[in-house]
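Here's a solo chain for you in structure tokens, the form predicted on its own.
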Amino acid sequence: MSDFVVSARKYRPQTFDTVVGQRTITETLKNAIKSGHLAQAFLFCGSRGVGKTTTARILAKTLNCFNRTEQIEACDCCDSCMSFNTGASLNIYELDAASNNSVDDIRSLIDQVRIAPQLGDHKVYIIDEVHMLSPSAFNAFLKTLEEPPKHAIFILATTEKHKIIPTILSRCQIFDFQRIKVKDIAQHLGVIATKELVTADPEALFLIAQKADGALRDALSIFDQIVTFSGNNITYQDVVTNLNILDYEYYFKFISFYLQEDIPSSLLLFNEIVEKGFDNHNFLVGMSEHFRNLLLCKDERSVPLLEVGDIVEQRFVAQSKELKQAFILRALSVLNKADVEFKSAKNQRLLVEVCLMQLCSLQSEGEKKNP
């Protein structure tokens, strides 16, 4: 049997400092441990794959560590840390509320809360997907959450904060986890690639990070998929091919066609995209994103807002110099109108083609308006 472990598990953060993209939250939790001003109920909110459950486990492990470091991290050597690492800790209890959402499940949890820890000072209860609890389960949990025993700490994690009743929210210290930035994900993937002896183009890692949409776990899953596909040498083209992504190169070509007012070439290139199986609406969204990036590059102060690699960024800056700002704004208006009308259109391909013809005619229209 293979000993392969997916990267999301193999490289799961074990300390606060290794959590990616949530520095404000981890620093706050470390300061709370250091000063002793620790709440008895936390609510970790955020989209999938941003580190909620991981941070909860690190907090639980650090709280029960007997020899915390000066940086307020778990020592990884004491009896408590060792039992946590082997999954045998009696001081940390995890409940998946998605499959244990009844009143009986919460009553069982409350019965356990009354028992003091045999080793260490705290018993930590991590309830994942807490929004899945039934209304009656929430009500049964209220009193214990408001007045828990001194040794009990609750960490609730959810992707849907709006589904949690206000009486629960008022009893918790709330931490909102942000989507992880593309550059942070790409940098982390680069570190993992080095450890795995995989050579990877920086642009390829940025493309994986963009595809992950702010979720590090998704990025690591995609990374494993690409390594399986291409071996120990990941190229930009490997990622484009494997994930069926519409390459930047197409959009750069379209801009040159618009400037030349070359309608036939733009229609032929769009036909090539359609024949490769790409979705018409995704093409429109991608074109709007391309013009948005060009607009940002018109001023060097807004260039850092681009979430692309250095090489692609340089291409955006170079192409933006060929376009007037008024042209870009008119193009965005045309694309936005097509985007709004797309779902109701009976002939969606024709709608996109008309949009391309309009974009190719923008320059001459602008000259007519401003002779």
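Sequential numbering from 1, following the sequence displayed. Please read all numbers here as calculations on a predicted model, not as lab measurements.
There is also a form predicted together with a small molecule; it is not shown, and the following applies to it.
Comment: 42-50 is the region of 318-326, 42-50, 61-69, 299-307 lying near the small molecule in the model of the complex, near meaning a non-hydrogen atom within 4.5 Å. A heavy atom within 4.5 Å of the small molecule in the model of the complex is found for one listed residue only; from K161, K183, H281, R217, this is R217.
Residue contact with the small molecule in the model of the complex: R171 places no heavy atom within 4.5 Å of it. Taking the partner from the other structure, the small molecule in the model of the complex has a heavy atom within 4.5 Å of a heavy atom of V20. Of the heavy atoms in E129, some are within 4.5 Å of the small molecule in the model of the complex. Although the partner is absent from this view, H188 contacts the small molecule in the model of the complex, with a non-hydrogen atom inside 4.5 angstroms.
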